[in-house]
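The chain that follows stands alone, in the form predicted alone, written as structure tokens.
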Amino acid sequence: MEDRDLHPLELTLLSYLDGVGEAWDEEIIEKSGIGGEGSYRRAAQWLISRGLVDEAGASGETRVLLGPLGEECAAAGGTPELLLLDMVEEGTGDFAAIQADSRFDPARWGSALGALTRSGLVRRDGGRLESAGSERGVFGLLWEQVYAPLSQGGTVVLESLDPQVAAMVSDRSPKRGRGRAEFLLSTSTWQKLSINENGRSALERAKAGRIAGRLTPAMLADGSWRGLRFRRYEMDIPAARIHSGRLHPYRVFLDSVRRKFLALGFSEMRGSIAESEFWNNDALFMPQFHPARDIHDAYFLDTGGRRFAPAADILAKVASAHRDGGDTGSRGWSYDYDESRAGLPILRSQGTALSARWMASSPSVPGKYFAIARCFRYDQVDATHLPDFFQVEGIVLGEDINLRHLVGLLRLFAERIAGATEHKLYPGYFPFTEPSVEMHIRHPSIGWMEMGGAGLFRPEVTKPLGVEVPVIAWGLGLDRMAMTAMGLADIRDLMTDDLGRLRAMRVRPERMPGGGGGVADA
């Protein structure tokens, strides 16, 4: 860049400095007309790098503000150290009683005692505290120099404090964990600039060359543009990308799955992510001692069990099915079913809990239902597992429904939802379906992945819930299906906070299933 080819901001800054010689940045921003702090910083950086102005000086200060813990002290009328000293001097030096004082939590009282003991202002005699003198030391200075002026709306500068007080303030203003900080520090810096001979020469040459940064209406009106040389514009510099707001790619995928099921005539099942062990396990004929419950390691909740309690007649029928089979034609599990455990609240570990609830609510026969269910299991996070995931759950009820209908649906899901070109079905085992199958699809880079399980509900599941017709059911991992559909090799990428990766993700165009016959018309 030639000396005369100066940016308009540089010209403004050089012109002002040429008139005053040197100035602090606050004065320049206020009086030069440069257009704000951002414009000034850019122009100053450019001119310093080109050697046209010099940094003639620098200054700064650090202001002290009260953090959340400091505001608690101000409200209490003293720091824990000062209040503890007051109580000791008044003869109420029982530390257990002090810790019960509600003005501060026990941990802060303990920290205050440690600080006072180290400073020699307080000593312990068994369970009681004794004063070692009438001095308040640095804790009194802290209140006088920091808390008192800040409480009255004043300003406190760290550099003006007593060295001991300044050190204490710095120690109690951590860079991390600001939510539990006693003090917050705000640093401000100022810069003084001066124009040098190179800058004056460049300014003179620029004025002589009469370079203009823009064409204005006034120039057009008076014809002055004819004698000007305009600053060259770089037209090949790419413009900044503007990213408009849009839905998260995984949300787009989930919405597309919902639309596909609705297009097939399915009705949607919805329910709370908080569930009871009854609907999550017991209603699905999973015995309370069964190792399958260990596979569904659940997150238990403190409260809420009564909210999810089933009707008394349904609870009795399910309990009977567990004990001796009830009227299902089964021998049951032959154990003493614990009704109190059935009410324990958990986070839903499988979408099949929704199918159980819907079967108990007098569903239409024939009928088709689906759910996009958020589930939770204690699981090791890796490329194909998350502890918080989505399942696509569904049931189809009808007099003539059988395994062939289920196989056809699973193939449809693999091709039209996951976009998989290869898929397999294997025999499987689940306590609530017989026969049972597992579906696997082939990921382009990972290889074969299990999608989930499916099967025909056993009579021990359907009859206690009031359903007398065959029911096919499935519960498939939507996160893994999304990996194949979106071209991802790691399930964690669905939850990434990398905006660049999210913007690059694409969901394949929807391919709606073809209609006609079979289960789609059930």
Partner chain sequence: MPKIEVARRDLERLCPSLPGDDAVLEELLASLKGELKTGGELLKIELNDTNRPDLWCAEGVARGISALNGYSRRYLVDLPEPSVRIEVDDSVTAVRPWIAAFKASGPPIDEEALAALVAAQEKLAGSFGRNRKTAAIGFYRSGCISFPVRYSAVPRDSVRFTPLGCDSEMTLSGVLSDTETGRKYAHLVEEGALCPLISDSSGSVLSFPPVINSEGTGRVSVGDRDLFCEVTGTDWNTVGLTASILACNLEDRGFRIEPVEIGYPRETPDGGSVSITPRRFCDTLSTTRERISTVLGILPDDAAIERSLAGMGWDSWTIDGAVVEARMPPYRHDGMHEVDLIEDIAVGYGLNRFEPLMPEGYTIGASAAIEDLADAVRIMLAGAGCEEVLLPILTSEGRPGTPPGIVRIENPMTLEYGAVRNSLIPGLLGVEAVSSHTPYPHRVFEVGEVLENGSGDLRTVVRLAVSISGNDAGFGDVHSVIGLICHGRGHSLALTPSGDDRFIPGRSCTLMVDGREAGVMGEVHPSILDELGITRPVAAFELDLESLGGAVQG
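Being a predicted model, the structure only gives us computed values, none of them experimental. Numbering follows the first chain given and starts at 1.
Beyond what is shown, the protein has a form predicted together with the partner chain; the following relates to that form.
Checklist entry - Thinking of Phe289, Trp333 and Leu412 as the candidate spot, does the partner chain come within 4.5 Å of a heavy atom on all of them in the predicted complex? => result Affirmative, all three are within 4.5 Å.
Item to check | Candidate stretches 312-320, 215-223, 166-174, 426-434 - the one whose heavy atoms come within 4.5 Å of the partner chain in the predicted complex | outcome: Only one stretch passes the 4.5 Å heavy-atom test: 426-434.
Checklist entry - Would Ser244 count as a contact of the partner chain in the predicted complex, using a 4.5 angstroms cut-off between non-hydrogen atoms? => result Although the partner chain is absent here, Ser244 would touch it in the predicted complex, with heavy atoms inside 4.5 Å.
Checklist entry - With a 4.5 Å heavy atom cut-off, would you call Gly271 a contact of the partner chain in the predicted complex? => result Judged by the heavy-atom cut-off of 4.5 Å, Gly271 is in contact with the partner chain in the predicted complex.
Checklist entry - Any of the heavy atoms of Thr328 lying within 4.5 Å of the partner chain in the predicted complex? => result Output for Thr328 is yes: heavy atoms within 4.5 Å of the partner chain.
Next on the checklist: Check Met495 for me: does it contact the partner chain in the predicted complex (non-hydrogen atoms, 4.5 angstroms)?
Outcome noted: Yes, Met495 is a contact residue.
Checklist entry - Which pick from Gly77, Gly120, Gly110, Gly265 sits with a heavy atom within 4.5 Å of the partner chain in the predicted complex? => result Residue within 4.5 Å of the partner: Gly265.
Item to check | The single option of Leu84, Val146, Ile195, Ala298 touching the partner chain in the predicted complex, heavy atom within 4.5 Å | outcome: None of the others qualify; the residue that does is Ala298.
Item to check | Residues of 361-378 having any heavy atom within 4.5 Å of the partner chain in the predicted complex, listed in sequence order | outcome: Those in contact are Pro366, Gly367, Lys368, Arg374, Phe376, Tyr378.
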